[in-house]
Structures are given as structure tokens and as C-alpha cells.
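Starting off, we have a lone chain in the form predicted on its own, written out as C-alpha cells.
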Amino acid sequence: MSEQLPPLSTGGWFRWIWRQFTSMRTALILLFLLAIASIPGSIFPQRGTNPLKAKEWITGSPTWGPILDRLGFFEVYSSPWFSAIYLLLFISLIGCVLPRAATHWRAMRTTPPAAPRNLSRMKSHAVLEGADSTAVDRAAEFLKAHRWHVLRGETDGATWVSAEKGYLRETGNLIFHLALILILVGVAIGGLFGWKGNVIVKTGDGFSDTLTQYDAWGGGRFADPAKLPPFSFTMTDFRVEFDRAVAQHGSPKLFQADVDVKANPDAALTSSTIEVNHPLEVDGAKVFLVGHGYAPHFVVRDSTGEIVYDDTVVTLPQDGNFTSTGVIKLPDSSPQLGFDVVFYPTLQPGSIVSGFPAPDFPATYLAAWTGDPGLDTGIPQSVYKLDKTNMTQIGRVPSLLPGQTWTLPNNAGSISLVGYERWASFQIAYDPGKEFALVAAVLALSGLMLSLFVRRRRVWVKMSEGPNGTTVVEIAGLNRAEGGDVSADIEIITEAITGKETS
């Protein structure tokens, strides 16, 4: 029968739990769980970036929407369960890396172990007979010159030198794991203090960095909307060109927005061009160009002949050829009006989609509705959707061209298509932790390279007297990495002792 071990004390149980929690296996499990926990954030709309879409998802799914909302699936990155995994991973990595760093520091300051009594047991082993008495001295000088940690000694009449090299392997391993902690810190800083928002700007219009100007805005727990950088810009021109070649038909070749920028209300006006992957940076915030589309210009008259709408309406692209949809809501007209708008940059005869993204033959489809659009209910509505619950369709026109007017049925008024403008969508983001995370990522990559390509190994050179009175020099080595080989080091040391190249 095996001997029964004594039960662990309370302190012993805590030490055992702490060792399990701070093991690399636990850290990898937590990292895997964090990756899984991030998946809902890319599947479900998040309140921080698109609150209207999140509300629409919940409303459109009366069974699962409220359940997922209570579980935090629409605020994943600030949910308690995601934060708990993040914090546990952070603590586990610290508890794993810091003790190893202290152990490694002591190992680097410790001399190599003495030469074993029987070097012939080593896998890599060489013997030199008839060497002179300075063999160990030459070996020690050579090893020191090549930055080996060297220890000399004498045992049972044998003179030996012990050397070790490759501490950078463990150093790189520690740098890699410390860098992971720093990446978590950088992401946490960005998540707590950073913010980002989206806005659509039409050609000739401007934007000021205030909360009310954003179409959607989301910030970290400690991000203060009242302290946004006071910059502003006006989009003076937007240029886009599409490829007409067969292979890349419809792909954008040029995608640029010219803006006039003021870093603050009292600053001088400067001009800049924003392109994809070339954002505008102002006071720590970056302005990215992320999309574009068309805004057809309409003039609407009600039944009295009074102009109740004279503006452009932003339409959102629905396919690669920019078939775009939007709505017009006129709750104060007489009668109350609403329009579904479909804009075709290049209308194909007999088709209900655009044939090319450039405005070769622009036209619009319109459907007119009368009745209450539900803007007075107090429930937020998307500006791109028309609530037709209390409305009645009075007619439609399949293709209204620029300069044409459609007289609405039932003497409800008229609508004219004047032309169109372009709009561009921008994402403005401030992430104070991104540079920190970038430096940490470079450190992680550097540490990983060190841990992969540096070999930790030991070598010994022992000189003793042979049976026939000759001097025998033994050279042996040991690679501390599994499957490693130190035969090349043995050959080099042999050459340094003998002064001859080994075959």
C-alpha cells in the first residue's frame, strides 16, 4: 500500500491554488477564454459605437434581445464577465512572470556548476591526448572572449573549466510574457480613457468635435465627452474614381477628402487631404476616412405649394455599385409626408439596381407616404428608416431623373430631384494606449525571437593525467533545450585548444 500523505493545511491549500492560478497553463486557458469572450463584440452591435442599431436588434428580437442585453452582449467590453476574465489573465500573467524573472536574475548572477566526474556520459564528448598543460588556460580565455560565463576549479587532481551561455533564451521568454502584460495594460488604458465616434459629412459641410455632432459616439469608463479636443474641419472636396477595367470593374482607384482644419477656434486654418490608411491627426485624435456615398438633393412642396424641404438626403450604399437607400420625413408638412428613396448612380434600363458606382446616369426611385411618421412618440428612430405603422402609401415613381418633378397623388404636393452631392463618413478615434501597446508588441516579438533562436548550453573542459602519464583533455557539452546539439561548440573549443581545424 502507498503511504498516505498528510492533509494540506489552510496555508498549503492557498499556496497550491496560487501556484495553479499563476501557471502558464492557466494563463493560456484565460487567454483562450478572452478570445472567445471577444466574439460577441464582433457579432452583436455595441451600444458604445452604434446605440441605435443595438436598440433595433433588441426590439426586433423580443425573446432573445432582452436576455442577451441583460447578459451584456451589447456592451461586451465593459461587461462584468469580460472584465473578470481580463483581470484574472492580468493577475495570472504577473504571478507567473515575476517569480520567474527573479529566479532568472539569480541564475544569471550564479556561476556555472562544477564539471561532472564522468564527462564521457555526455552525448557530445571529445578527448585530446598529449595536450600541453596550458589547454585549460587557452579554453578559459577563449570562452571568456566569446562571452561565456566561466568557472575554473580543480577536483581530485583534475583541472577543469565550466562555462555556460544562452541566458538570453530565458530573458527573451520573460520579455515576451512581460510584453503581454504591457499589451494588456495598453489595451486597458485605451479602453478606459479612449473614445471613438462616427459622423457623415457632405461636401461643403463641416464638423466640430462636440458630442452633439456625432452620429454615433462611444467612450471608455473614464472618457469625458466634455473634454473632447476642440478641433473642427470642413470638407471642401471629395474625390473618388472607379476602375472601369473588366478585371477590377467598379473598384475605387481614388478615395480622398480635402478638408480645411482648425485645431481650436483661435487656430489658423490649414488644409489637409485624408485618404484610406492616411488619417488626419489633431490633438491626439485621428480622423479616418472610412466610407462614402451619395446625397440626392430634393425640393418638396406640400398641398399648399409651400416649400417644406430643400436639402440633400444621405443615402446608404447597399451593394458594390452603390445602389443606395434613404428616407425623407416631413412631420410638419400639410399633409404629413414621408418618402422612401433609392438612389441609382447608374440606372440600367429595366433594372432596379445600379450598374456602376460612378454617377453615369443618376436616377431615384421614390415611394410617397402620408400619415404620422411617429416622431413624437419619444422613442428614438433611425434617420435612415421610416416608421410606416400609421402611414399610407399614396404612390411611387420608378425613375425620377435630375431636373424632373413628380406631382404627388391626392393633391399632396410635389417632389423635385435637383441633383446630388457626395458625402464621406469619418471615424474619429482617440486611443491613448495604442503607442504603449505598439511598443509592447515590438518587445513581445523581440522576446519571442530570442527565445526561439538562442540556445542555452553548458560546456566543460577537464584536464587530467592519463594511465600512461600523458595529459588527457576531455571536452563535453550539454544543451539545456530539448533536442539541442552542442557538437559544433565542442569542435570550436577543440580548435581553440589545439590551434587546428577539426575535420
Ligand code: HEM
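Residue numbers run from 1 along the displayed sequence. Throughout, rigid core stands for the largest set of C-alpha atoms superposing within 1.5 Å between the two forms. Being a predicted model, the structure only gives us computed values, none of them experimental.
The form predicted in complex with protoporphyrin IX containing FE (HEM) exists for this protein as well; it is not shown, and the discussion that follows is about that form.
- In plain terms, the part of the chain that comes close to protoporphyrin IX containing FE (HEM) in the model of the complex, with a heavy atom within 4.5 Å, is 24-32 out of 24-32, 431-439, 55-63, 459-467.
- Though protoporphyrin IX containing FE (HEM) is absent from this view, in the model of the complex it lies within 4.5 Å of a heavy atom of just one residue from His177, Arg422, Lys196, Lys329, which is His177.
- The contact residue chosen from Arg239, Arg100, Lys385, His249 relative to protoporphyrin IX containing FE (HEM) in the model of the complex is Arg100, the criterion being a non-hydrogen atom within 4.5 angstroms.
- Protoporphyrin IX containing FE (HEM) in the model of the complex comes within 4.5 Å of no heavy atom belonging to Ile39.
- For Gln46, no non-hydrogen atom is located within 4.5 Å of protoporphyrin IX containing FE (HEM) in the model of the complex, even though that partner is not displayed.
- Shown alone here, Phe90 lies within 4.5 Å of protoporphyrin IX containing FE (HEM) in the model of the complex, counting heavy atoms only.
- Among heavy atoms of Asn173, some come within 4.5 Å of protoporphyrin IX containing FE (HEM) in the model of the complex.
- After superposition on the rigid core, the Cα of Leu34 moves by 2 Å or more between this form and the one not shown.
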